[in-house]
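Below, in structure tokens: the form predicted on its own, a single chain.
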């Protein structure tokens, strides 16, 4: 088999994901867990790690773009098709799903690598759901119900959905190179400073390491696909790390291997699992985990379904949109990330109130009030 440009990019992606999987396993990096820590216990250490990764990825991606090394603007995140419905509805569904399923897309892959059979089931359902939303039966819902809510920014004279371009279009100034540098530095600085203000982050080497390493890995992924991968005869899409659509494509690749071609997304899905497995093997933390009861299984199955469907609608997950997408400063990525957190927090509050034998609808009403007034959560 000839070793082509796509094989080089995929091999490098696998290597980066190998590190990601090992680090995420070692540090317990998990956005769902981060939201749970904050909502249920008022702890912001893991949430700070997630935000720190965002800030570092923003800084890295903007340097790559503004110095002309990588055209991150050609990625899926900064198009003029502003899928507001997908960002909101998909984000909410993904947030609900990752809570029911015990972790987001990357955490599911990490747990599969450690021997968690519950996560393996979630992964399979997630992959099927994602692929059905991309190209199967659920694509009918996406095309007919969600895509009509897309806003065409080009029709409003806005070049792309980058924050600088949108602000320029709204307030009537040109998004020059200098403006883009300022916007990038301000957003990266705010994210990093907010994260570092959290005492629970500063006091945890694991959380600090997770935030720094994962932010740098996202930057490296942009460099691999957008600089090393540039080839006029064998081009590859400019992308960073995301784990929803690539999981669906991975399942398709496994089933049609002889007629399929590997790509960066498929390689990173495999790399996360292998990296987590190798860390678990050498640290002797591998352990088989199964469902505790019928409700546990139903929750995980539902979570996988909602993550696959919602993640495709939102164009990504807690890494794909909330770190990779935000690193491009796409406005839609900020919206999707916000609603992922809202969906997750709301689900946790409903589950909490249901423990007090509240009816579902009463628990939903109280949970909505909790999320709208977050200071209530610590009462």
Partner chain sequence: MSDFTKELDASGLNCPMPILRAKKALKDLQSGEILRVIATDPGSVKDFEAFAKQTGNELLESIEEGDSFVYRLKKS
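Bear in mind the structure is a predicted one, so any value in this text is a computation, not a measurement. Residue numbers count along the first chain shown, from 1.
Not pictured, yet referred to below: the form predicted in complex with its partner chain.
Trainee: With the partner removed from view, which of 211-219, 294-302, 142-150, 176-184 is the stretch that lies within 4.5 Å of its partner chain in the predicted bound form, judged by heavy atom distances?
Mentor: In short, 294-302.
Trainee: Can you confirm whether 7, 248 and 261, the three residues that make up this candidate site, all sit within 4.5 Å of its partner chain in the predicted bound form, judged by heavy atoms?
Mentor: Not one of the three qualifies.
Trainee: Within 4.5 Å of its partner chain in the predicted bound form, heavy atoms considered, which of 337, 315, 32, 346?
Mentor: Residue within 4.5 Å of the partner: 32.
Trainee: Flag residue 71 as yes or no: does it have a non-hydrogen atom within 4.5 angstroms of any non-hydrogen atom of its partner chain in the predicted bound form?
Mentor: Residue 71: no contact with its partner chain in the predicted bound form.
Trainee: Evaluate residue 86 for contact with its partner chain in the predicted bound form, applying a 4.5 angstroms cut-off between non-hydrogen atoms, and reply yes or no.
Mentor: Result no; residue 86 lies far from its partner chain in the predicted bound form.
Trainee: Indicate whether residue 102 is a 4.5 Å heavy atom neighbour of its partner chain in the predicted bound form.
Mentor: Contact check for residue 102: yes, within 4.5 Å of its partner chain in the predicted bound form.
Trainee: Taking its partner chain as it sits in the predicted bound form, is residue 111 in contact with it (heavy atom to heavy atom, 4.5 Å or less)?
Mentor: Yes.
Trainee: Using a 4.5 Å cut-off on heavy atoms, which residues of 191-225 contact its partner chain in the predicted bound form?
Mentor: 203, 206 sit within 4.5 Å of the partner.
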